[in-house]
Structure formats: structure tokens, C-alpha cells
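In C-alpha cells, one chain follows: the form predicted on its own.
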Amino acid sequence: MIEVKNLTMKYPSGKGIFDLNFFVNQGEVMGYLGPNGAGKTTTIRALLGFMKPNNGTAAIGGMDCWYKATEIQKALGYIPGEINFLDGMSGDEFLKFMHDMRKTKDISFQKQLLEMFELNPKGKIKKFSKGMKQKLGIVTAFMHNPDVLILDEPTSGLDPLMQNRFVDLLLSEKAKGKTILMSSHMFEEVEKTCDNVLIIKDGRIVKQSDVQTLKITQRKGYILKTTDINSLAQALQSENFEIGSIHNNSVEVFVSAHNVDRLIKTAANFTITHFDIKVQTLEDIFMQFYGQEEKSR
């Protein structure tokens, strides 16, 4: 449903995306991950037909994203990373405007979405909070029941309850066979909803993986506190464990899943006063894969 071949788009600064190749099958949710400036939004702009590639092609449903942009945009569900509305409109006026532009008349799903996200669309959009604007963006993207959705940081500005409801919505749409490409900075969101992930760095894809493999290959981070921090740190280093920061009698240590038992046996030789799991952010995972990519060159 989404196919990118040798896609290159350069900015005058020299940044951009370079020789991207990937596809998203019907019914698949693909996570598109990377830090700010990595090239995620540029890729999405190409898929929306906002920018013409320097080289290569992007297609949605067999239609070229540049030459068939108008047809694609009418059918597509899209949430931009930075939503800008026509602030002179009220929320319900904007929803009607989008229905008119798409030539859709059925508002039954729109009503369900407004109820799900507890959004009253009446009132001027310029007076909406960031969370309300994000909810309006979600409703606009999904209300016409599109077969393909492209979502750029879709839960930005939502509280945890609404983030969970968005996850429920995404899983429901996935069960209907929808095709979804989603950029996100939240690993929990990706873990719950995505089948596969693409990781991009400096405009190039450095890793493509299914989510389960991504979880298995994650390093596990632990924080150990002891009465003899120097001796514990030396013992961990002698066992070739990766040490993070050391402060306040605590040490961070990172291990692969199959080395957890060895870590516990090493720590058992000391008086451990506190043991905790260090939650990995997506940035931690990016750095792990970026490091592997550098070593392979």
C-alpha cells in the first residue's frame, strides 16, 4: 500500500533523505522512528506530495505521490507533526470543511471519535488548548474511514488517558485492515501498536525490524546501590558489563537479556541496598542501533 524506492530529497543545507527503500503492506502498522532532524517529516512530506523528490519514487495504493497528490490527499488520513488550523473557524466548521473537500457525507464515525476523545468541536479553534487541537486533528484524520493513514507524532499534547484511547483506536483500525505509517517518540506506543519499525539516522534508514525483535535485542538497564560502590563498579567492569553513570553509591549497568543472570550473580557478592530497572527511552534505543551501525562500517 505504501512503497518507497530509492527516494532522495535534498535541502540546500545538504540535509534531507537519501536512497530510502521500504514498503508497508496492507493491514500493517509501521513505526517510523528517529530523533528530531533524522528525516521522518521529510519522508512524510514526500508521501503527501508536498515536495518533489530529487530521485526515486514514493507511491500509495499504486499512485505516484507527486503526480497523483490531489487524489491521494483526498483519501488519505493524515496527522501532521505540527498542526496548523484555519483559526478563524470553529471546530465543527473545520470538520464540515474537510468533509466538503473530501466529498464525504457520512459523519457517523466522526460522532464516535468526538465521543471517544471527549471533544466538543464548537467554539473557535484559536481558543482550543494544544490537547484539543490534537484531538481535532485525530478526528479529522480518521473520520472519513481512510484505508491508509500517515501519522506524525499523533499523541503529542495528549494526556495519558487520551494516549491510551488513541492506542485503542489504532488497534481497532489495524483490525479492520488499515495500513498505517506512524512516527512516534513513545516506545510504549510503538510497542503496543506497531508490527514493524524503521529507524532512520541522518536521512538514511539504519535498521528495519519487527517489534518483537526490537524488544528482545534491547539492552536491559539496571541501577544498583551498594555500600561499596567502587568495588562493585570494578567487579562489573572486570566482567565486561557496560557501565553508565556512577553517583550517590549507585551504578548504572546495561546488559543483554541473556546476561541478566550473570549480573545478579556478580552483584550477589556485595551488599545491595537498592535494585531498580532503568526505563529505556527511544533515544537510548536509537543510540544502541546507531552504535551497531557505526561498528558495522
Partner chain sequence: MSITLFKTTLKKNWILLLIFISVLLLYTLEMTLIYDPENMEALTSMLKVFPEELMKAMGFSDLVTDLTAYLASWLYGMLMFAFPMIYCIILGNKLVAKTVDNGSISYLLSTPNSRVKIIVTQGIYAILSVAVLFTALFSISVLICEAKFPDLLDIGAYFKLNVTTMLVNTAVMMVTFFFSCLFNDSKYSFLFGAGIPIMFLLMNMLGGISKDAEFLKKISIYGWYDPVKLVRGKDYFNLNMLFIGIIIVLFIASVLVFKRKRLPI
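Numbering follows the first chain given and starts at 1. Since the model is a prediction, treat every value here as computed from it, not as a measurement.
The next section is about a form of this same protein that is not shown, the form predicted together with its partner chain.
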Next on the checklist: Please determine whether N249 contacts its partner chain in the model of the complex, using a 4.5 Å cut-off between heavy atoms.
Outcome noted: no
Checklist entry - So in the model of the complex, does any heavy atom of G39 sit within 4.5 Å of its partner chain? => result no
Next on the checklist: Against its partner chain in the model of the complex, would Q26 count as a contact residue? Criterion: heavy atoms within 4.5 Å.
Outcome noted: no
Checklist entry - Can you check whether M101 is within 4.5 Å of its partner chain in the model of the complex, heavy atom basis? => result yes
Next on the checklist: Looking at I272, M51, V260, I243 here, can you tell me which has any non-hydrogen atom within 4.5 angstroms of its partner chain in the model of the complex?
Outcome noted: M51
Checklist outcome for this item: Assert contact residue (its partner chain, in the model of the complex, non-hydrogen atom within 4.5 Å, options I199, L149, M162, I83) equals I83
Next on the checklist: Given a 4.5 Å cut-off on heavy atoms, tell me which of 111-119, 132-140, 219-227, 189-197 is the interface stretch with its partner chain in the model of the complex.
Outcome noted: 132-140
Checklist outcome for this item: Those residues of 1-27 with a non-hydrogen atom no more than 4.5 Å from its partner chain in the model of the complex are M9, K10, Y11
